[in-house]
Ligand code: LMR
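Next up: just one chain, as C-alpha cells, the form predicted alone.
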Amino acid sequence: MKKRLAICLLVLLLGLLTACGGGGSKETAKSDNGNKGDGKQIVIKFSHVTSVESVKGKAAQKFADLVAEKTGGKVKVEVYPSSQLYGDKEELDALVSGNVQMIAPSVTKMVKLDPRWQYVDMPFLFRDEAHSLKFFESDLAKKLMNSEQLVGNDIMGLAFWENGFKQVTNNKRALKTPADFKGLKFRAQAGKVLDGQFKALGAGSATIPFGESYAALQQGTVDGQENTFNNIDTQKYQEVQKYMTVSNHGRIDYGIFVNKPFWDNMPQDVRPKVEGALKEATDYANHMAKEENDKSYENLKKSGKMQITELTDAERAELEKALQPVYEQFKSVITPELIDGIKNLK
C-alpha cells in the first residue's frame, strides 16, 4: 500500500509540474511575438537583389532610415541587398513563409501568382516615365496590388518603385533592325512574354537570376541581356558586353510587397508611421530613378567600353512593328482591360 501511495503521489506531482510547464510555454510563445506591441523592437527583414548603389538599393536604405526616425527605434528595417538572403527564385516563397517581411522584386516575379503582372514586359506599352507614374497611381494598379491571387497567398502590395526603361546589350553586333537580333540568345526574367518577344525577333532567351547574370554574360552562356541604364551601370555589364542599343522597348519596375499577416498584426500606433516612411521612400525612389538612369547613361558613354547605338524614330517604329505579334499572343492572358487601360491613361 505504501508503494502504491508513493507512486500515486509521484504521478500527481509530475502532472502538476507538466501543467505548470505547459502554461509557461504558451505565455513565452506569446511574449516572443515582437509584432504584438509588447515593447520589443519590431524587425522588418527587407530582401532585394540589386546592389546598394542601385535606385532600389538607395531607396531601401532611405526607407530603413525613415522608419528608425519616425518610430523612435521601435521598428528596425534590416536591408539585405545583392541577394544576400534570397535570390530571384526564392524571395517570393520566403515572403509567403514569413522568413522575410518585405521584398521589392521586379513586378514580373509576381507571374507565379498572376500572369497579368507581365504587363510591364509588353513591348512599347509605356510612352514615357510620366505615363508609368500615372499607372502607379491608377485604379488598375490598385486592383493588381490587392488581387485575390496575392491576398490568398498572404501577400499585400503596398507601392510601386520606378526603375526605368530597358535597353539591350550584347556581345556580337550592334542591334538596329529586327534582323540584327536573329540567332542571338538573351538573359531574361521569368515570363512567357519575354520569351515571345525574343522569338518574334528570331532570337532565343534563357531565364537566369539577376545575381547570376554577370557570370552568364562573362562566360558566354548568353550573348546579351536587357536592362535599365542604372542596372547595366551598377552591375558593371559594360565589362562583359560590347554593344548597347538605346531602345526603351520595355520597362523594369519594382513592387513593394509585405507578408500580410505580419503587416496586419503590426501595432496600430506604429503601422501608420511605417506607412508614412514608405510613402516618403517611394517618392524618393520615383524622383531618383530618372536622375540615376541619366547619370548611369553618361557613365556608360564615358567608360568607352561599349559601342552605343541610339535608334532613330524610323528604326524604333520598325522594331515596334516586328513585336506586334506579342500583343496578339498575350492580350487575352494579361487582359484587354489592363493593356488597353494602360494605353489609354492620359
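The first residue of the sequence shown is number 1, and the count goes up from there. Since this is a predicted model, take the numbers as computed values, not measurements.
One more form of this protein, predicted together with the named molecule, exists but is not displayed; see below.
Quick one: is F210 in contact with the named molecule in the predicted complex, heavy atoms, 4.5 Å cut-off? Close contact exists here: in the predicted complex, F210 approaches the named molecule to within 4.5 Å, heavy atoms only.
Against the named molecule in the predicted complex, would F257 count as a contact residue? Criterion: heavy atoms within 4.5 Å. F257: no, not in contact with the named molecule in the predicted complex.
Look up in the predicted complex whether T282 has a non-hydrogen atom within 4.5 angstroms of the named molecule, and give yes or no. T282: no contact with the named molecule in the predicted complex.
Should T50 be counted as a contact of the named molecule in the predicted complex, where contact means heavy atoms within 4.5 Å? Yes.
From the list Q197, Q189, Q167, N170, which entry has a heavy atom within 4.5 Å of the named molecule in the predicted complex? By the 4.5 Å heavy-atom cutoff, the listed residue in contact is Q189.
Do heavy atoms from each of R127, H249 and N293 fall within 4.5 Å of the named molecule in the predicted complex? Zero of three within 4.5 Å in the predicted complex.
Among 50-58, 306-314, 283-291, 66-74, the region lying within 4.5 Å of the named molecule in the predicted complex by heavy atom distance: Going through the listed ranges, the match is 50-58.
Hey, which residues along 85-109 are within 4.5 angstroms of the named molecule in the predicted complex, non-hydrogen atoms only? The stretch touches the partner through D88, S106, K109.
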